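One chain comes next, on its own, written out as structure tokens in the form predicted alone.
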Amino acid sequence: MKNIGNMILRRIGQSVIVIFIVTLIVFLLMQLVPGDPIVNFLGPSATEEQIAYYTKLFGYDQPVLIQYFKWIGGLFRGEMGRSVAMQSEIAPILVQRLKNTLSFVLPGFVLAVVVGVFLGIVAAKNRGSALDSVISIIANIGMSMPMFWFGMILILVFALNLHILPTSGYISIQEGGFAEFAKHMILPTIVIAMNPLASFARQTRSSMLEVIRQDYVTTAKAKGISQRAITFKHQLRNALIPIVTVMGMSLGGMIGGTVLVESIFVVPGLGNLMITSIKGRDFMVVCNGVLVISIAVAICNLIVDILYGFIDPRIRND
């Protein structure tokens, strides 16, 4: 356990350094974006006095590095600053938008893991059969299918033709109950899960095929251990490391790559907020949004590293 604790501390330290570098790069790049957030907010009829007042109010009159370190200092006090466009604190806005994003990303991830791993195991167990070919074709389609095109097809079939699901929109559980919430989240969940599901199926099949003929599997069969126990306790466990790696990368990518899904289904999530803020030159919202996404990705990678230690004890001593 001591080795796992040291590994976790090392990974946390590395993640903090990476997040710091990412936030600095994004903050500096946002300064190069054409346009002034104050002028964009006040409009073309704003006077020089108004522009000067709000520029000083939001601290945009100070050097860039001072603005950056004031922002970082505020984060340690639990403050993310104020949005120029929305004239409100950024933290509550990001929390609500992140909740909306996770309401379909997390179910989509669970769906992708369960179905993808199952299909990968079935394909590996039936290597060379028609079932294996069908699963491989489905996985290849899922990997290559554009997300926006898949979303449009689902809307055309289930919303416009069958009329069993809404075309777009978001209704929270508090507003419309769980049934309405679920109906609006089904299509975004399926779309966000499609590519990771195909990736998990391919990786599981590949990893299972590498271990399926190992000596310890033959020994387990000779001892009379049931096929189910061999599959899950011996084969799948030893094949898990590359699968878990792909899962960790996919979850972080799903959180950071929801812009298309939220645009197609008009979900007021984090990705949608980022696009709106970039268009509105609301720099601090963008920087804080990137920070949240970076932390989410770092947490996913940390979870993967912890799982490595439990799956393969040799990694604990790295």
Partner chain sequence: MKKKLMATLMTAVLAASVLAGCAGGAAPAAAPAASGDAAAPAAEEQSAAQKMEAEAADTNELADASEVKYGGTLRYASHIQPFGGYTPTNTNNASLTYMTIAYESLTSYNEDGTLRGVLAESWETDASEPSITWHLRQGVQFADGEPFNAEAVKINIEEYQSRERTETANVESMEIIDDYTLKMKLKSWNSSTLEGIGFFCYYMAPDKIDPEALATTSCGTGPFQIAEFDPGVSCKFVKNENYWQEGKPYLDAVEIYCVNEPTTRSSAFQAGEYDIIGMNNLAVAEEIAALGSTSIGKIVMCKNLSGQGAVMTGLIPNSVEEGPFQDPKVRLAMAEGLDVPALIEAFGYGMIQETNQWAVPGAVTYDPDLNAVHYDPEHAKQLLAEAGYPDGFSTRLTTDAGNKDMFTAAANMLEEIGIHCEIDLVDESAQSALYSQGNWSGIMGHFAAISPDLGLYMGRHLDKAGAFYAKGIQHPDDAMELLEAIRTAPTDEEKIKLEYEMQALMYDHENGIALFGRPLFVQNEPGFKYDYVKNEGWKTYHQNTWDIANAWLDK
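A quick note: this is a predicted structure, and the numbers were derived from the prediction, not measured. Between two forms, the rigid core is defined as the largest C-alpha subset superposing within 1.5 Å. Numbering follows the first chain given and starts at 1.
Absent from the display: the form predicted together with the partner chain. The rest refers to it.
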On the criterion of a non-hydrogen atom at 4.5 angstroms or closer, are 6, 12 and 176 all touching the partner chain in the predicted bound form? no
Given a 4.5 Å cut-off on heavy atoms, tell me which of 185-193, 242-250, 112-120, 125-133 is the interface stretch with the partner chain in the predicted bound form. 125-133
Considering 102, 212, 93, 72, which brings a non-hydrogen atom within 4.5 Å of the partner chain in the predicted bound form? 93
Examine residue 66 and determine whether its closest non-hydrogen atom to the partner chain in the predicted bound form is within 4.5 angstroms. no
Heavy atom of residue 59 within 4.5 Å of the partner chain in the predicted bound form: no
In the predicted bound form, does residue 229 come within 4.5 Å of the partner chain, counting heavy atoms only? no
Would you check, heavy atoms only and a 4.5 Å threshold, whether residue 272 touches the partner chain in the predicted bound form? yes
Considering only 94-111, what residues come within 4.5 Å of the partner chain in the predicted bound form, judged by heavy atoms? 97
C-alpha of residue 38: shift of 2 angstroms or more between the shown form and the other one, rigid core aligned? yes
